[in-house]
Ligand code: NAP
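For reference, the chain that follows is the form predicted on its own, supplied as structure tokens.
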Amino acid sequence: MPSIRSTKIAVIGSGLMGSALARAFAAAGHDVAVWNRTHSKARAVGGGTVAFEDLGEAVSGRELVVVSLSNYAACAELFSSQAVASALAGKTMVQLTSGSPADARSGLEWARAHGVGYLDAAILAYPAFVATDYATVFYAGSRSVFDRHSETLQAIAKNSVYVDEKIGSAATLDCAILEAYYGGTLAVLHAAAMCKAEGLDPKAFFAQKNSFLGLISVTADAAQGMIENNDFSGNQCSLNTHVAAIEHIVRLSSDARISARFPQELLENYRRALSAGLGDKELPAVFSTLSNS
């Protein structure tokens, strides 16, 4: 089996995620330079990496520069230096700092102005999961740039997903998945609180995990086709019926004296669809009421 070509990489940022990324690249046989504003943190990364105090020196001679900072504002501050921008010219930057699609677009604009190849990326994993089967990284930007570095990027996640040429697409997909995760998690926790408030051991609810996950899966599959065809008709269960069920949840929450804010917000969104005349449609019809346009 042919060996993987060793690539000279710089990882900017030595927080928990940046450190995990740097060690994963080094473990895969790559030559890894690390830099952090606090040099002691860069030195602490270890794992065969080499710490630099000067950012320009850290990226000099590197083919790939991976950025993992707290936010895009921190990136903009670092890269505002002409010396650093010049050192990055001709290299490929993989931006793994969490942000929005607008952040990704501003990053691409900067990269183009300074002759830097640019991929915006989003990692769906905790630092401990980097380089394991539980890690997924979404990439957006030039397909040719992604293809050129895809083998190297496998070191941090074998499940490396190229999303689209649109630079904001990776951040969009990441935010969409996280919204489903955070919203779903809050719903699960609120459901457990309802059970406890009514004297039912939450274990009885958690034991039915497959029931509500199955309902979400079936609804997601149905929604995909309905959204694509802009047709929310069906004969399974009308929005009118769903709204009545949510009203029961709001009442239970109020009666049990736990926060009813979350189910009330759900109810308001679903009732908006009824006001739009969609009461006889299927649940995914709510999608058509979520646009501000």
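Since this is a predicted model, take the numbers as computed values, not measurements. One rule holds for the numbers: they count along the sequence shown, beginning at 1.
Below, we refer to the form predicted together with the named molecule, which is not included among the displayed structures.
Taking Asp164, Glu151, Glu77, Glu109 one by one, only a single residue has any non-hydrogen atom within 4.5 Å of the named molecule in the model of the complex, and it is Glu77. Among Met17, Ala24, Leu283, Leu274, the residue placing a heavy atom within 4.5 Å of the named molecule in the model of the complex is Met17.
The chain is drawn here without the named molecule; in the model of the complex, the stretch among 121-129, 85-93, 154-162, 137-145 whose residues come within 4.5 Å of it by any heavy atom is 121-129. Under a 4.5 angstroms non-hydrogen atom cutoff, the named molecule in the model of the complex has Arg37 among its neighbouring residues.
Proximity of Ser70 to the named molecule in the model of the complex falls within the 4.5 Å heavy atom cutoff. Ser98 belongs to the set of residues with a heavy atom inside 4.5 Å of the named molecule in the model of the complex. The named molecule is not shown here, but in the model of the complex it comes within 4.5 Å of a heavy atom of Lys41.
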